[in-house]
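Below you'll find only one chain, the form predicted on its own, shown as structure tokens.
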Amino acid sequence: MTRTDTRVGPVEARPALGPARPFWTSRRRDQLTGYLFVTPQLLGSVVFVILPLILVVWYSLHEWNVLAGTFDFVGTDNYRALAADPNLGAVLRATGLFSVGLVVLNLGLALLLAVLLNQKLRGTILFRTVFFSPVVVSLVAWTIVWGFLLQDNGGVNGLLDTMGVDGPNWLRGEGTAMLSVIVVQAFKNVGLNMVLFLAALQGVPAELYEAAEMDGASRMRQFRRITVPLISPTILLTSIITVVGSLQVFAQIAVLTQGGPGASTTVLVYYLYQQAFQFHHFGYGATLSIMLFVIVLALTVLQWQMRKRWVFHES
């Protein structure tokens, strides 16, 4: 008979289970706090940006007649009408002319004022206030005042008459209406870009200018080789802001010229307003707004990509 070994080896002790880890940890509390802080911004983006974009695309595929109470699906008919619109070329030319003129005048004047106000001179604080004050003035009020000044018998022509110059009808002339609107808009917002440029100029180290002077560099050469490269990020920022703003101009056109004379000042946003809210072509107006969105997006992306070529410290 075989004898069985009944000896049992040592049994390993199981580790004692500690207290259960609480679900509501400090890390999760921090995460929830962060989500609560970003939720209003996310909701605002969804309600006021993403949802309207989706609805605009949906409306562009329909013909919505508010007066008749109809909402008919037309597919791509509005896009074909856009491609065949005989007025679109003139509208795009006016939009491009206004945008180019505003960007050049606004940025050039703002940079010039910033350089002048960056000097160690008396009264610079007063002049900064004077140049910035139009930024905080109501846009409609500013435009109405300039509308009176630019009339045929307004203040501008009255001033010219004292100097023996017969001024034109600024807002009714083919060659002067667009120029007038550009100048009014440039003077309205030049203070904002001036402050941004001034802050950038004050961040340029003075030692660089001192070293350049010791090397015999002129003021213009210092400006081109030191100032412009070091403030180029601010130039990029102001150019993007100004370009996008120039493509969205509406109140100035509506108050000063109503798109005239003819269609010389009918920019894209005002043409969109006419089609949607004056002629009640809401589907076609939605199509124009999509084209405006694509133009703004393309120009912004183009400027952002070009920063690698001329913005200092970008690669």
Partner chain sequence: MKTGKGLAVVAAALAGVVALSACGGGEAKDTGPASLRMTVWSANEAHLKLFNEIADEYRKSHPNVAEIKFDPIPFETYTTTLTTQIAGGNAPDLAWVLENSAPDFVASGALLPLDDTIKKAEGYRYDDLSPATLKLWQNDGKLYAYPFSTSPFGVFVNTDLIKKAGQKTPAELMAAGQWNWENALATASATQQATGKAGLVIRDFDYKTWDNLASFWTGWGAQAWSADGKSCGFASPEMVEAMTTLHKAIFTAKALPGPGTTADFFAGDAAMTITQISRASLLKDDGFAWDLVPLPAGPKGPYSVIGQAGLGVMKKSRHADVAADFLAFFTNPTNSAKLAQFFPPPRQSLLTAENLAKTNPKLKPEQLQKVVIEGITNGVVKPTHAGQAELSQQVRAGLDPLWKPDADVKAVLDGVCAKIQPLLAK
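Residue numbers count along the first chain shown, from 1. Computed from a predicted model, the values in this text were never measured in an experiment.
Although it is not shown, the form predicted together with its partner chain is what the next lines describe.
- Remark: of stretches 131-139, 150-158, 191-199, 236-244, the one touching its partner chain in the predicted bound form is 150-158 (heavy atom within 4.5 Å).
- Heavy atoms of every residue among I54, N169 and Q258 are located within 4.5 Å of its partner chain in the predicted bound form.
- Although the partner is absent here, R29 sits far enough away that none of its heavy atoms falls within 4.5 Å of its partner chain in the predicted bound form.
- At least one heavy atom of Q278 is located within 4.5 Å of its partner chain in the predicted bound form.
- Using a 4.5 angstroms threshold between heavy atoms, W58 counts as touching its partner chain in the predicted bound form.
- The shortest heavy atom separation between F71 and its partner chain in the predicted bound form is within 4.5 Å.
- With contact defined as any non-hydrogen atom lying within 4.5 angstroms of its partner chain in the predicted bound form, the stretch 289-309 contains no contacting residue.
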